[in-house]
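So this first bit is one chain, no partners, the form predicted alone, shown in structure tokens.
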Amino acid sequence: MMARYLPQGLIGLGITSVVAMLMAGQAGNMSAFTAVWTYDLYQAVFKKNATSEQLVRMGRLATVAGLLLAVAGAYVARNMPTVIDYLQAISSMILAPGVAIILLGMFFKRLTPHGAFWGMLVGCTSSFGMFLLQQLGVVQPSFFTPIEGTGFMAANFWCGLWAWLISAGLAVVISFFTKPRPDEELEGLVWALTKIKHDEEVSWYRTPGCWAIVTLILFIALNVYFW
């Protein structure tokens, strides 16, 4: 597209912009990956009394592991029909279970760390297993959907939905069998324990709830229209 629409003097600038965008995105992803693994998993679950030197060492190892996973992911992406299919497959494995846990953490005060951890882990693993079964040809993509003859992209969407349900359901079940956090520790983090101050009264059409309903109606209408 740049070769077709940009003059010669701007092609180099366009390529530089794309490379800068990719590098910034990669740096942000690696920082997030390292921080989540080091602090939210390694320190919180595996070694709660870890020293600063151990955390730094683990962060460096996590960075190297993340780069190797990224390189392996690039080779996997080469075999996908399109980049969108690849991104949707990754989203069904990571984002769908993650969103389930985040929503539960925001609105369900009974959720426990053990429930969130195992719900997320099993949700990601189940979605990856469904993806692997498709890639190895064990099952057809339509096996995971209620509609016959669906393709790879639609199957990834449904796999994400199943992963979301598995992650949320397992997290809730495990939470009821594990000790919850006291309400004092959850104030300001869970909706039911958060006091919202309104500085001024606003019109109903300017409230978040109004636009959430409008967005939901548009979402349903567009899905019905393009079904």
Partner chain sequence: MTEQIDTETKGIKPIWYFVGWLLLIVGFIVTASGIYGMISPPPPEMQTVLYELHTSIWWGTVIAVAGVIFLVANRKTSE
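Residue numbers count along the first chain shown, from 1. Since the model is a prediction, treat every value here as computed from it, not as a measurement.
Below, we turn to the form predicted together with the partner chain, even though it does not appear here.
Using a 4.5 angstroms threshold between heavy atoms, Gln8 counts as touching the partner chain in the model of the complex. Put simply, Leu13 is close to the partner chain in the model of the complex: some heavy atom of it is within 4.5 Å. Looking at Ala221, you'd find every heavy atom of it more than 4.5 angstroms from the partner chain in the model of the complex. Residues of 16-35 include none with a non-hydrogen atom no more than 4.5 angstroms from the partner chain in the model of the complex.
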